[in-house]
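Single chain ahead, written as structure tokens, the form predicted alone.
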């Protein structure tokens, strides 16, 4: 786990195509009272995207990644409960990868936020 993931208290649930990241609600991730801070949600999404991309790269012999950009869409307030996130590699090219990630609390089909990221790949 990268240090920022440890700061957020993230745990990893392995998955067939990508891991699911689990973030407990704690005082370190509170924004306004009773809600998650948007930065914590964005960080969770980014770590989930990195996890999905690293798993995809390992299947092709590995590689280093560098973020190009990140866009987060906040859909609803994150409440005081466990939050999960999973990334999906939508395109894995030889030099650039496109990854999407969603974060949810109750059901994956009711996300609280989603993100799109592009990464530079060095193989």
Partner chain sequence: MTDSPRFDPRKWFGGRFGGHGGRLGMAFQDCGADWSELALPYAEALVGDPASGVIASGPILALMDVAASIAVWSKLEAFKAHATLDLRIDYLRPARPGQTVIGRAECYRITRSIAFVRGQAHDGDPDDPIAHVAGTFMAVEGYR
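Numbering follows the first chain given and starts at 1. From a predicted model like this one, the values you see are computed outputs, not experimental measurements.
The same protein also exists as the form predicted in complex with the partner chain; that form is not shown, yet it is the one meant from here on.
Contact annotation for the candidate site: 56, 87 and 121 all lie away from the partner chain in the predicted complex (no heavy atom within 4.5 Å). In the predicted complex, residue 68 approaches the partner chain with a heavy atom inside 4.5 Å. Taking non-hydrogen atoms only, residue 37 approaches the partner chain to within 4.5 angstroms in the predicted complex.
Residue contact with the partner chain in the predicted complex: residue 51 places no heavy atom within 4.5 Å of it.
Of the heavy atoms in residue 78, none are within 4.5 Å of the partner chain in the predicted complex. Of all the residues from 1-16, those having a non-hydrogen atom no more than 4.5 Å from the partner chain in the predicted complex are 2, 3, 4, 7, 8.
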